[in-house]
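A lone chain, given as structure tokens: the form predicted on its own.
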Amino acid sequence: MKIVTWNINSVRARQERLLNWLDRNTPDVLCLQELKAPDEDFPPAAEEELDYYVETFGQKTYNGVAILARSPITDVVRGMGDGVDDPQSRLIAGTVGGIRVVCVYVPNGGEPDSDKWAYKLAWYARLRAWLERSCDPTQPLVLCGDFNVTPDDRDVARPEEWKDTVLCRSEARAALQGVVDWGLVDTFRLRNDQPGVYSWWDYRMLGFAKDNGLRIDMVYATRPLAERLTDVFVDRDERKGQRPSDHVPVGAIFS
């Protein structure tokens, strides 16, 4: 089973890219983030022409997440249901082929010490609590998405330049590790322990041309599923061409 995550950065602006990528790569599951569109504006061609089942948790202008799958998606959950008054669409979960798939778009955090930064750290704590309450680390599960933080300096092209930003600060890395410690494995690092592979490059200052990137998009898996990992990939080529997302697809393949 090929499971992929991709921050599409506007499903309407990148509709043609999305449909072409799906047609070429035919993943079994694709988790999308930053749809920037309500549910009714998701491209119908994904279902009608490419035969994907689609479950969305959209939001006009900002945020939004979705799961696309080649087989039915059951037991769908939108949001964390923890009683927190949070209007942002950042988590959707469903079961595909016996695997629980959780797609997340973690808050960016804005600037350190801002309200957005506090929201990001609190959101990570809520995600850990949601996993404890709703999921089982002894069962097959993937947690995919844009985590808006690098796990460590191997995932940063220029660590000194980025170290004080919300994408690399130690508090955010600790918050991510708190989620991982629930019982997850970084599938990419099971196959590649070297630095220099990134999933996001800033549009500004020729970030992609200079390869000034970060790895902030991950596919985490519980150990029973991670034991069935056969391959991982980062589709760097999808950052090329006209009007790409600033992120690229990141995937894991399980037997």
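Treat the numbers as computed from the prediction; the structure is a model and nothing was measured. Heads up: residue numbers just count along the shown sequence, starting at 1.
Omitted here: the form predicted together with the DNA. The next part is about that form.
**Student:** Among 102-110, 77-85, 121-129, 136-144, mark the stretch whose residues have heavy atoms within 4.5 Å of the DNA in the predicted complex.
**Tutor:** Flagged stretch: 102-110.
**Student:** Can you confirm whether Ser10, Lys60 and Met205, the three residues that make up this candidate site, all sit within 4.5 Å of the DNA in the predicted complex, judged by heavy atoms?
**Tutor:** Each of the three qualifies.
**Student:** Could you work out which of Glu34, Asp217, Glu55, Asp28 is the residue within 4.5 angstroms of the DNA in the predicted complex, going by heavy atoms?
**Tutor:** Checked against the cut-off, the match is Glu34.
**Student:** Residue-level question: is Arg243 within 4.5 Å of the DNA in the predicted complex, judged on heavy atoms?
**Tutor:** Looking in the predicted complex, residue contacts with the DNA include Arg243, since a heavy atom lies within 4.5 Å.
**Student:** Given that the DNA is not shown alongside this chain, does Arg154 nevertheless sit within 4.5 Å of it in the predicted complex, heavy atom to heavy atom?
**Tutor:** It does not: once the DNA is placed as it appears in the predicted complex, Arg154 has no heavy atom within 4.5 Å of it.
**Student:** Lys116 near the DNA in the predicted complex, any heavy atom under 4.5 Å?
**Tutor:** Yes, contact at 4.5 Å.
**Student:** Could you run down 14-31 and flag each residue that has a heavy atom within 4.5 Å of the DNA in the predicted complex?
**Tutor:** Residue within 4.5 Å: Arg14, and no other.
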